[in-house]
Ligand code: BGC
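Heads up, the chain below is alone and in the form predicted alone; it's given as structure tokens.
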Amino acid sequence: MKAVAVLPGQPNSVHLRELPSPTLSDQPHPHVCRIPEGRSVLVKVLRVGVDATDREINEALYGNAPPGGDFLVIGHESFGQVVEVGDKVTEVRPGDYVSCTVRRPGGSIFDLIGRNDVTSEETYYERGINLCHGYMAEYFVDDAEYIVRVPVGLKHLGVLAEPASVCAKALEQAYLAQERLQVWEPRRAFVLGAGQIGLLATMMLRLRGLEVYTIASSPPPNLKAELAESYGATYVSTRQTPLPELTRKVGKPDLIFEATGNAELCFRAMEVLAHNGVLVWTSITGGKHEVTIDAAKINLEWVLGNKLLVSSVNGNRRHFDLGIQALAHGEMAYPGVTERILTHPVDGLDHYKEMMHLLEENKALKVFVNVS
């Protein structure tokens, strides 16, 4: 079968290669976790979403091949159809549409109780990212434990299951943490960033009934503004209205969902959060970026204002279910809006160079590959 891979550590090494087609008897991650007998699921890949993570892995900023190999099949946002299942699998059956979680368990207590998304180990295992092959291939096999069914009515959004799980988990973590206040009724939210994560977070916060301001740099009119406003949010360009000015106009937010990839904005958000508010970081910012802030003022306001910072990454099976539920509710509340996030299809694995060019150009809202 065809697959798209990189040679970790070698910049711009993305390439097409031929691999044996997997079978139910294969063990995709023998170095970290083995599939119990009868629990394998063989999936035909239909679509794979790609994002900045795939671009940065190709730039050799991070990513590692599975032990004993020199290449890594990329792609961590999967959507496919079940071809065959083991005799002990009851969760899915052939013909079902599915996605698959990304992280695989290590040996910490969190991994052992099914919370590998919050492993305490320094080494982590993620399909298509670190030490485990990804989904950018014609087929894959994995444990039914990590296979998540996508309702047939949502198959047009199935490739968004992974990013939706990230948003669903981040918001769940924020609300769980705020139970410390006993009574917390957020009314206003700022979403920093209007990429796929920012827009999905906008949708989920609107479904919770919050007044949402989706904040990005580009002035409207543009597609991101249209989508945010179609969800019932207010789109704000920081080039026209800087964050402090927006806060003076509309008031401080009870919740800030950061999804920009900009290290400075991660910290600037601390300056505008309301008392008893929560700031959620979902970005992974690499490189070096020094920021000058009034640390004493932030310290004073955060301590006296009972403010909270929560970081969130990855998601487990339950978060995938929550994300898929949110996509379904979003389709009912805002029909046809979420599908417009899927802006740039690439037809076939053979066109991996086009895929990578779109990522490097950084102008596409969402790039995805139609594998089959």
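Position 1 is the first residue in the sequence shown; the rest follow in order. Computed from a predicted structure; not experimentally measured.
We do not show the form predicted in complex with the ligand, though everything after this point is about it.
- Partner proximity in the predicted bound form, defined as non-hydrogen atoms within 4.5 angstroms of the ligand, places exactly one of 25 to 33, 45 to 53, 325 to 333, 341 to 349 at the interface: 45 to 53.
- None of the heavy atoms of Asp143 is located within 4.5 Å of the ligand in the predicted bound form.
- In the predicted bound form, at least one heavy atom of Arg103 sits within 4.5 Å of the ligand.
- Residue contact with the ligand in the predicted bound form: Leu157 places no heavy atom within 4.5 Å of it.
- Although the partner is absent here, Phe71 sits far enough away that none of its heavy atoms falls within 4.5 Å of the ligand in the predicted bound form.
- Scanning Leu205, Val166, Val236, Val278 against the ligand in the predicted bound form with a 4.5 Å heavy atom cut-off leaves one residue, Val166.
- Residue Glu126 is the only one of Asp254, Asp96, Asp111, Glu126 with a heavy atom lying within 4.5 Å of the ligand in the predicted bound form.
- Contacts between 311 to 335 and the ligand, taken as any heavy atom within 4.5 Å in the predicted bound form, involve Val313, Asn314.
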